[in-house]
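First come two forms of one protein chain, each written alone as structure tokens, so that there is a structure 1 and a structure 2.
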Structure 1
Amino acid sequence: MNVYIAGKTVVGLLYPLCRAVQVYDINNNVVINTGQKLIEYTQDLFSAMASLDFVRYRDYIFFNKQRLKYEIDSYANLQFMNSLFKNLGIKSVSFSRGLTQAEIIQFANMLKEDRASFQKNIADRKYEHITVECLKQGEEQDEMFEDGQVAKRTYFKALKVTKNLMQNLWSGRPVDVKSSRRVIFSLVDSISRDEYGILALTTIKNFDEYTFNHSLNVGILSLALGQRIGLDRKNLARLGTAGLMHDIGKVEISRDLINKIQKLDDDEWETLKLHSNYGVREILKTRGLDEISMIAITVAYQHHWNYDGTGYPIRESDEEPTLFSKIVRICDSYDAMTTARGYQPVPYLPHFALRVIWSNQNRLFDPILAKVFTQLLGIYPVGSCLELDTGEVAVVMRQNPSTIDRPSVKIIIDRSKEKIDGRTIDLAAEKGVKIIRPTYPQLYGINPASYFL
């Protein structure tokens, strides 16, 4: 019995039942038939599992201790369940053997109540085969903002490996890609545990080490997007490696040109564009060439190919970029736009960079991937600075998957425009606080990355 598939299926059957009781009486045939489908499936599960346990933790839903991932085919179902648990203050729900159709329909009917009514009624009414644990007054899962030491260690270890890899190529020393493979699997594991935690670290932008930070950030963003569209662990490792090495051809280009502050002239621009071709040559130099290396070669060559057939290097009319190249195309553009560089001292606001990607779907970017990427990062990506209607300024700490326009934020500038170590607000829960607009952190002398370190 595949626990992950079982959890996704139960959520997929519970979702239409909850919807049905919002529209029909509980004795209506639509409700009864929908409830029956759910019970029939759970009876099969109970032959292998003593209980079916759903827990909401860090804005994720776990089924029997395994996290259910936000993927295209199950996003709406999981988003609904997460929002439901959050709004009603539910920490966990367990279904045990003997669960009946009448019980599950009555329980689904209670889920349409408001938070206070639900918690009172669930305490008064004891179900024989359903156990619900609710958050206590004032308890709103502080663990969402825990230290995240594991994610940080993984990030900085990956940054060190990336830096060593490229510096060895720069200096002509032999390169073994095995170390990068190991760190990629660590990143895959981090993404699987908590993609929002590791994505927060992509706000780290080191001007002096742009090439290294950028390569790693593109690898992480690509992994998160790949996971969201349902790639398995093996393919995520391939994609992550390709993302990490997409710009490796720049080691053949003068650092003075790469770091030039002034606008590039036509000849310099043509030279810089050759990094896609050089990437093929540099990866071929590495030891231990295998299937993953060949995928990385393809992405290094294609990651500036546009959806409409333009881009560079010039291609034949019938040549199409691979899925991995399309993913890296988006992630590379987003991280480049949101990073300060010599010729771009003030980067794009993350909010605006997403708008650029969205407005260029069907031209530069694959439209489906552009939509999923926006959904992944939210309207206001982690690290964004926002002006609130309270007169305060906040930094986005975490997305809310069920309400991508209402993230969790930390107040960093008070009403007097003084820097503070302020409270954290879940805007999905505190409806009274409104976002006025995104703002530049430079206006307040703020480095958003410092709040994640």
Structure 2
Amino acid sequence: MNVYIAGKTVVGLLYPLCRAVQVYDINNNVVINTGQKLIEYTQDLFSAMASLDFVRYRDYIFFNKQRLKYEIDSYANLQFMNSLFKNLGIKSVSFSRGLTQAEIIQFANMLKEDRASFQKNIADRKYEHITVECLKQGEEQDEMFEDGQVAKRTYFKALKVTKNLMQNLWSGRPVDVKSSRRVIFSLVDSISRDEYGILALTTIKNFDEYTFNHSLNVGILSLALGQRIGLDRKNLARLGTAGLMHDIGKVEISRDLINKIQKLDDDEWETLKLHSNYGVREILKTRGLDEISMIAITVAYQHHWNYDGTGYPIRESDEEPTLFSKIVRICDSYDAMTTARGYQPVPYLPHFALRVIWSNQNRLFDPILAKVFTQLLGIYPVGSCLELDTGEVAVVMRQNPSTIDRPSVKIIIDRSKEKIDGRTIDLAAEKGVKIIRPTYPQLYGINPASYFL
């Protein structure tokens, strides 16, 4: 019996059961049948295992001590279970031999309660074959606080390292490769721990130091997309490095040209396009030719190659961009569109940028990756400002993986159009509140990034 597969399958069976009890009564056939499937499967497992233990630790779900990985086909199930455990303050759930259909259905029904009711009811109600351990009072707060702080610390450290790296290259000084490797390691850990925490920080844009923030943001977005499609840590480290270094060739282009406000003429445009080529040379100079740098070289060279064979530098017809290049291609475009620059003083709204990516799948972007990227960021990506039908304006704080058009938002402008530090609403839960449309934060003199710091 493969423990990993078993764990993945149980999560996969528990997910529809939990969804079913949200919609139907527990006596409904859909619920009963879904519960039956789960019981049938667990009966087989119990012949080999005394108990089925699920433990949540730092956004990882462990099944019988084996960590379940986020993979593309199990992502939604695992994310659902993770959110459930997190929201209800569950530390572990253990199913033991003898588990009945009635028990599992009643337990699934309890999982739809709010946190307070769940914790009270689970303490009162004793299941013979289900044991639940909840987090103690300070345990979770520490974790959440720590996660947020770690994400911020990681982001700014990464920003500093990216800046040093590029500035040293600009001035011909030696580059600290060890630091950049360490930063990737922290970013991957941060993404694995709480992808939305660090993704939110990509709303930090910097007009004056566009290249640094942009490089880091692309690195983070790429890591998040890479994690979502199920890349392992080793590959995430490679992808993150490639994302961080994708524009490194710009150190060879004059800063005046990069920061030019006016529209570029043809010659200037051709010069700017050379940054893909120069990136190859810069990475060679910086890192030599280890395995990671070879991938970074490829991505730096290919990150303007389009899905349909167009783009630059010009390529032979049989040359296909690598998976990592396709990922960075999307993330680079998204961050570039959503960032103010000389020739683009008002950036695209995040949701509009996402629609540009969505509409250009098959032409500019890999269609499957474009879909996963949309799943990742949601219809209204983190940092979007939304006008609500309540007359308030809110900023998107966090996605809800299961309802991508109903994120968690924080009210920042009240009905009288005054800035406030308002409440956070989970739109997935509060179905009565409607989103009218996304709006420009500039209208209110707001920088969405400030809500994540």
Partner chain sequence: MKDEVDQIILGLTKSFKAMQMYGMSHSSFLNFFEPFYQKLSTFLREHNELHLKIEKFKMIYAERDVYKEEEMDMSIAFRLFKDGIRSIGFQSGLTSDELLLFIDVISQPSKDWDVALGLWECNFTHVTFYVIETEEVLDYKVPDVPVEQIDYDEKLRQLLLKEKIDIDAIIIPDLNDREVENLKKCISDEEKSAILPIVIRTLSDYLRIERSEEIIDGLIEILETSVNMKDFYNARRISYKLKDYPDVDFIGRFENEVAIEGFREMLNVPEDERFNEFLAFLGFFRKKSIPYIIRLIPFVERTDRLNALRHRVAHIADNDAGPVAAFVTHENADIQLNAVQIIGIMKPAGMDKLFQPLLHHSDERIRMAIVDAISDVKHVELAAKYISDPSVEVRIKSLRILGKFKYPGIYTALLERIKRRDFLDLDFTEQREVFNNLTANRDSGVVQLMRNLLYKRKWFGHKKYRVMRRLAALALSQIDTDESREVLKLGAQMRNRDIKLACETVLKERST
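Keep in mind the model is a prediction, meaning the values are calculated, not measured. Quick note, the numbers are simply positions in structure 1, starting from 1. We call the rigid core whatever largest set of C-alpha positions still superposes within 1.5 Å between the two forms.
K.L.:
Of these two, which one is the form predicted alone?
P.N.:
Note: form predicted alone is structure 1; the other is not.
K.L.:
Given a core-based superposition, decide whether the C-alpha of Val23 shifts by 2 Å or more between the two structures.
P.N.:
True for Val23: a C-alpha shift of 2 Å or more.
K.L.:
Could you tell me whether the Cα atom of Pro448 shifts by at least 2 Å between the two structures after core superposition?
P.N.:
Where the cores coincide, Pro448 shows only a C-alpha shift between the two structures that is less than 2 Å.
K.L.:
Relative to the superposed rigid core, does Ala102 relocate between the two structures - that is, does its Cα move 2 Å or more?
P.N.:
It does, since the Ala102 C-alpha is displaced 2 Å or more between the two structures after the core fit.
K.L.:
Cα shift of Leu78 between the two structures after core superposition, in Å?
P.N.:
So the C-alpha of Leu78 has moved 3.8 Å between the two structures.
K.L.:
What is the Cα shift of Arg125 between the two structures once the core is superposed, in angstrom?
P.N.:
For Arg125, the C-alpha ends up 6.4 Å from its position in the other form.
K.L.:
How much does the C-alpha of Leu88 shift between the two structures, in angstrom, given a rigid core superposition?
P.N.:
Its C-alpha shift, to one decimal, is 9.7 Å.
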